[in-house]
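The chain below stands alone and is given in structure tokens; this is the form predicted on its own.
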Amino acid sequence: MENTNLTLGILLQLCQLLLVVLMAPLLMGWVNQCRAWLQNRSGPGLLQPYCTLRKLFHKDAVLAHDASPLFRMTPYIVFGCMWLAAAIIPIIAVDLPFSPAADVIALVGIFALARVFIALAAMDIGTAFGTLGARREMLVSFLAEPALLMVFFTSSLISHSTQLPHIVETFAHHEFVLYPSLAFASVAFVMILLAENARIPVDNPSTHLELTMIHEAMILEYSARHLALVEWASSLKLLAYISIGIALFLPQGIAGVGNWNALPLAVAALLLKLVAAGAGLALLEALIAKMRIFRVPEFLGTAFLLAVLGLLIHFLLGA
């Protein structure tokens, strides 16, 4: 019986690995389509990200003469980090073989590792745009990571664990309790998600203006398969952050320990949550204007204060 459960768990883990890497471009296409609808445009279509990736993978890469091996390896490292982060987050079940690795502090470390490599690669060529984007990216991460840790600590203190499977098990499969501290943490998390994924109001993923772009400035020198991996990693990062938000604040529907019969319902619930999250993200981007880069510290400082306020509410009120 144990061998059967282990084999089933491994198969489900492999299914989640394939699910996240194949579904990430579709999520990005859904967000772009919803934003186009809200702007009264027809939109590029849900499958456009797949067409873009296919086109890029069939092109020949063009590299600068002074590009180091770091510049060549970074797309693979960033893609691997984002795939790992998205694959170990419990999105369909909490007792998959890789689930114990989904520690919230380790996830922050994985995101930071990918960010360091993409920033170093941006500065490797020595262009002005790359260095500009790397400095702005480090500024955003310097302000966003402490706020993200405060959000994680609030959930960890309530569940008495830093592992996402245990947090999901506490919130989803025990007595339903409303935590005011999580309300503040959820607002802070949404603000962090927008900043970390280069979305409006912090950054505009569709712009190439010098005064506004952050993420795009770091990848201007990439082309062909390298650019495809970086763009694919960006969609995986968005999926990973939305999956973390689902696990922390809306875990209902995720299959509990040993409850394999609930997996079809868990997959259906995941798809509905991703559709709603993508539409909500597009709605936020349609309603909010792009802010100046000098206002970003205020935006992320507010997120940090909200996260700390949630933590203090838990300490003072126990809720």
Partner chain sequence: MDAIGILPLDMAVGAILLWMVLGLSGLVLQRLPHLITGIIFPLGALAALAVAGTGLWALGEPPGVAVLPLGLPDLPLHLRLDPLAAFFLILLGGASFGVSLFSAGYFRAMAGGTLGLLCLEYHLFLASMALVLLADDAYMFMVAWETMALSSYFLVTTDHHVPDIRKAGFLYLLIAHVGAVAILLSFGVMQGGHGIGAYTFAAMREAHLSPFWSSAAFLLAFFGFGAKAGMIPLHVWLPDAHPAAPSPVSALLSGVMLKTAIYGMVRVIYDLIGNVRWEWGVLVLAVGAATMLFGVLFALMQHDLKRLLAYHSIENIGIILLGLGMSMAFIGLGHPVAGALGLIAALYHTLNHAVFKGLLFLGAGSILHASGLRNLNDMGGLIRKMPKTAFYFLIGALAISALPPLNGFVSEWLMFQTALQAPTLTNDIVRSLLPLFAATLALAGALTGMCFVKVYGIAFLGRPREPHERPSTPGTGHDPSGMEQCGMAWLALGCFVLGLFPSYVMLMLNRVCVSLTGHGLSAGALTGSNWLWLVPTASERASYSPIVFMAVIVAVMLLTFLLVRRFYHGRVRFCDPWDCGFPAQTPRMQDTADAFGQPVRHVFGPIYRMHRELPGPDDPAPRFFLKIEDRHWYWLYLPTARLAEFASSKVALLQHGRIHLYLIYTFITLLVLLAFV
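Positions refer to the first chain, counted from 1. Note that this is a predicted model, so its numbers are computed, not measured.
The same protein also has a form predicted together with its partner chain, omitted here; what follows describes it.
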With a 4.5 Å heavy atom cut-off to its partner chain in the predicted complex, the contacting stretch among 273-281, 247-255, 52-60, 26-34 is 52-60
If we test each of Leu120, Leu227, Ala198, Val190 for a heavy atom within 4.5 Å of its partner chain in the predicted complex, the one that passes is Leu120
*asked:* Does any part of Ala64 reach within 4.5 Å of its partner chain in the predicted complex? Heavy atoms only, please.
replied: yes
Check whether Phe79 has any heavy atom within 4.5 Å of a heavy atom of its partner chain in the predicted complex, and answer yes or no.
yes
Checklist entry - Could you tell me if Leu265 has a non-hydrogen atom within 4.5 Å of its partner chain in the predicted complex? => result no
| message | Test of understanding: in the predicted complex, would Leu70 fall inside 4.5 Å of its partner chain by heavy atoms? | response | yes
